[in-house]
Structure formats: structure tokens, C-alpha cells
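The data below hold one chain only, encoded as C-alpha cells and taken in the form predicted alone.
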């Protein structure tokens, strides 16, 4: 009797052990990740992030869930990118200007007056040149999933319209924390002040800086129209974003989940770019309605600005390496010739 009772207890314990053992892998499949953005919910960066999160959940059957934290809740672009490298954050979407501080070659994207259209940018970034840039990220503990769009950057300020390059003289312009952008605006006679976008509204409100440079979508989403009167469509640079995963996180995923995340990234890219272009097309009128005075620069004045910036372009072409710069402009020329 005692033997049979002991046998039953042992069998129950074995069954319990097996059930726990079988349950453990299922529990391990549940992966929770965070994606941080530096801009508000109304900006395409965060709209795209939420679409990506939705697609990841759908494509992994709910095994991977991605929570989006917008508007700098998890830190600045610099801080969040560093967190990815350190393994304490899973996804973020910084500007290529931020990534250029980690992988210098990404600085080529910011060379002033390079792209003529968003379609040219798509062809370059989705093609061999852009993919070669992304391939440089794993050695820095980052995985580049896709290029997203921030758009063509324009100048706003509280002092005067910018109609000529001379109008930039002496204006304190906030730039991204990137040496090329600092030199770009100093090269046009402004006083460049590098600052995280999460600190920018306060700096504009207190007149610590006179102005800033960003696409319409950022100006609207950050409500800069409340503290800036003039918007001038300089279009001095095209700004791309990069959807990043931390390599520490990526290496923990199985191949099927990596493929699902990549597919989600591709689909979210199309959505994010469309949101960016639709909004940039609509927001000019809304910014005027909000009280901003908008003026367009002539092609001749843009050419003058580019000529003024030739020493800066030459400096960064030398720093980046002429083969990289040549490949970049060759890719743009190919896209232009194809009618992109």
C-alpha cells in the first residue's frame, strides 16, 4: 500500500514537472519590447512607430508586443540610441544625423542641397547605397531595419523672414547635435546652437535661441508656431530617419521572428513615408492659419546658399572620404535619371 501511494505521489510530481517544463518554453516565447520616439504622437515618426508595433504583433501571432513611448519619454535620440547599444531598450527611430556620431558614413545623408525630391531619396536609401549604410551598424551593436522620412528641413525664427543667405546673419539657430549641421549654419553666418529636440520648445520660448530648422511636420507637431513667427522654405537638407533595433535584443530572436519584424518594418516604412508626405503637403496652410508667415526661397537663392556652403561640403567630403561621397551622388544621379 505504502509502495503504491509513493508511486502515485511520484507520478503526480513527474506529471507536474513535465507540465511546468512544457509550459516554460511557451512562456519564454512571449517577448515584450519598447520603442522610443523623440517626437509627439501627431508626427509621422510616432505614427510609423505605432504602425510598426501593430504589424509586429500581427505577424508574430502576438508573441512579440511592442509598446511605443513617444515625445522623448525615454530620452533624447542620442540617449535612446545609446540605450539600444547597451541592451536596455529594443527599438528607436533617430535621424541619420544622430547615427552619424556613431557611424561616420551616415553623415553623407546630411550634405546640403543634395536631393531634389523624396522619390530620389527612396531610390537611394532602398537601393544598394542605403543597404550598404545599414550593413555598417551591427558592429556598433545596432540593427538597421529601414529608412524612414523626416523630410526637407526649413528654417523658422522669431526675428525676420529668411529671403537671402544674408538674412541668416547673427541669428541663433538650434541645430541637431551633429557637427555637419553646426558647421552648415555657422557657414551661412548664423550662430548654431546644438540642442536635443526635446529641449527645443523651451529654448525658443525663452529666446535662448532665435530659431530652428525642421520639416513642416516637426514644426506643427511640436507647436513651434506658438513661439516662432517666420517660416522660410529653405529646403537646405533632406532628413532621413532609421528604424533601429538593438543588436543585443535582435540576437535573442529566432529566425522566424526576425523575418516577421523585418516584414513589419518594410510595411511600416511605406505607411510612415506616406504619412510624412501627406502631412507635409497639408501643413503649410495650417501653419499659416496658426499665425506663421511663410515665404519661399527662389532656386537662385538656394544656389547662392549652396555656393556659400561649398567649403563645408568640401570639408565633410574629405572627412567622409571621396569614394563614399562619389557613390552617394552617383546613386542620386541614377535615381534622377530614372525619373524618381
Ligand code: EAX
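Positions refer to the first chain, counted from 1. Note that this is a predicted model, so its numbers are computed, not measured.
Note that the form predicted in complex with the ligand isn't included here; everything after this is about it.
Under a 4.5 angstroms heavy atom criterion, identify the one residue in 176, 244, 124, 99 near the ligand in the predicted bound form. Flagged contact: 176.
Exactly one residue in 95, 234, 81, 228 has a non-hydrogen atom within 4.5 Å of the ligand in the predicted bound form; which is it? Exactly one residue meets the criterion: 95.
Quick one: which of 108 to 116, 211 to 219, 255 to 263, 165 to 173 gets within 4.5 Å of the ligand in the predicted bound form, going by heavy atoms? Stretch with heavy atoms near the partner: 211 to 219.
Does each of 85, 90 and 136 have at least one heavy atom within 4.5 Å of the ligand in the predicted bound form? Not a single listed residue reaches the ligand in the predicted bound form, so no.
Indicate whether the ligand has at least one heavy atom within 4.5 Å of a heavy atom of residue 239 in the predicted bound form. Within the cut-off, so yes.
Can you check whether residue 64 is within 4.5 Å of the ligand in the predicted bound form, heavy atom basis? No, no contact at 4.5 Å.
Would residue 193 count as touching the ligand in the predicted bound form under a 4.5 Å heavy atom rule? Close contact is absent here: in the predicted bound form, residue 193 is far from the ligand, nothing within 4.5 Å, heavy atoms only.
Decide whether residue 154 counts as a contact residue for the ligand in the predicted bound form under a heavy atom distance cut-off of 4.5 Å. Flag for residue 154 set to no.
Need the contact residues for 273 to 303: heavy atom within 4.5 Å of the ligand in the predicted bound form, sequence order, or none if there are none. Sequence-ordered list is empty.
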